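To begin, one chain is listed below as structure tokens, in the form predicted on its own.
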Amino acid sequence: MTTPHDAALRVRGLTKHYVVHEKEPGLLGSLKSFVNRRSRTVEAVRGVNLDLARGEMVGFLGPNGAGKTTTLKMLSGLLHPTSGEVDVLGFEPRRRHADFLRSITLVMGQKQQLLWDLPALDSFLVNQAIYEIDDADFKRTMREYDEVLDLSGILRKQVRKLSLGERMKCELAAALLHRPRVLFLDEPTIGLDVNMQVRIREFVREYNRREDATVILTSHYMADVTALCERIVVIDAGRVVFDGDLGALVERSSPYKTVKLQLASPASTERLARHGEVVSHDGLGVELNMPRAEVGERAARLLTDLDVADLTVEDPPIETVIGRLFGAERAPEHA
């Protein structure tokens, strides 16, 4: 738990409610809505509490519609909370103080800030003027970012002619020209190929190291989160359902480990089932689930009983763990 002296971000009881107007389809529905307009309240975020230390990188996970982007928009001051308290670097985000805006950035993978018909460099120069970055700092920052992102060959191209990966590199660099201390990254690698995802992760990791920046990252690519974040916060239906170490989440939500075998000689499914739940059995390749607390004992018996050429023990994929957590949290509401 962070203290007020080392906290970059502190959130208490954060909520956001929307009033959504509903209408029946067609002309008749439109006419009815004039006479009797119906609406309902959507609770997008419900009582979120959160503390982040300076320099901490946190994965912010949840299914579509969980409230992730709405939360980030409130933390960055784009949306006003319905209730609750938010403190980012000593500022109240909704007031949009100039010093606050110079200290944060929000990067949304599905939105763009670059001017579509102009070279990316022109947008960089606009940001230089907005944030009052002197020429020496601007050139130094551009050199540093070019080392990691390889920008020099694409800055003078029209943004519309850049590939998605090239554009995302420029978007990220433009958003960090003023060297913000808090980064809100909402799906920064969405739609990118694997190699480009790795480049973006390396850039974020290096920026965090150099600037001691605090990072909140949302992503549907679990590799982004596992590569960058030791701590994760999981939100579902507007509520935080987990906040802690990634390994602790795996232990909490997945009571088994996966044992992968390469057999030297075949074994029947019935024989394999004595040692664990048979997930797959394809010739000499076998995958078993075993209770986490019994893996050592069962694996030892398995090696004695079967002709094993190779054996590995793994935690289940983080996607599976997150999916199980969502299911467990939702089950009581549907019971």
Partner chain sequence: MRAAASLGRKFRAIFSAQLANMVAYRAELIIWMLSGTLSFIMMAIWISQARAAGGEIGGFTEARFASYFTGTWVTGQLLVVWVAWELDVQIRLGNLSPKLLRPLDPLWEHLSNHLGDRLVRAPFIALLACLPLLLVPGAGFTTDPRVYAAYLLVVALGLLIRFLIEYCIGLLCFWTESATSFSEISWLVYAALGGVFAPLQLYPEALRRVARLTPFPYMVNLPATMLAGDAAWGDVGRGVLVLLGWAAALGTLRLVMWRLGLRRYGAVGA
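Numbering follows the first chain given and starts at 1. Just so you know, these numbers come straight off a predicted model, no measurement behind them. In this text, rigid core is short for the largest set of C-alphas that superpose within 1.5 Å between two forms.
What follows is about the form predicted together with the partner chain, which we do not show.
Taking the partner from elsewhere, every residue among 80, 102 and 129 has a non-hydrogen atom within 4.5 angstroms of the partner chain in the predicted complex.
Between the partner chain and the residues 162, 246, 176, 108, the one pair within 4.5 Å by heavy atoms in the predicted complex involves 108. 112 is the sole member of 262, 226, 112, 208 with a non-hydrogen atom lying within 4.5 angstroms of the partner chain in the predicted complex. Interface residue remark: residue 118 is counted as part of the site for the partner chain in the predicted complex, having a heavy atom within 4.5 Å.
Interface membership of residue 73, defined by any non-hydrogen atom within 4.5 Å of the partner chain in the predicted complex, is confirmed. Not displayed here, the partner chain is approached by residue 37 to within 4.5 Å at the level of heavy atoms in the predicted complex. Taking the partner from elsewhere, residue 96 is found to have a heavy atom lying within 4.5 Å of the partner chain in the predicted complex. Here the chain stands alone, but in the predicted complex its contact with the partner chain, taken as any heavy atom within 4.5 Å, falls in 120 to 128 among 215 to 223, 138 to 146, 235 to 243, 120 to 128.
Residues are counted as partner-facing when one of their heavy atoms sits within 4.5 Å of the partner chain in the predicted complex; in 15 to 47 these are 18, 21, 37, in sequence order. After superposing the rigid core, the C-alpha of residue 33 moves by 2 Å or more between this form and the one not shown. Relative to the superposed core, residue 12 undergoes a C-alpha shift smaller than 2 Å between this form and the one not shown.
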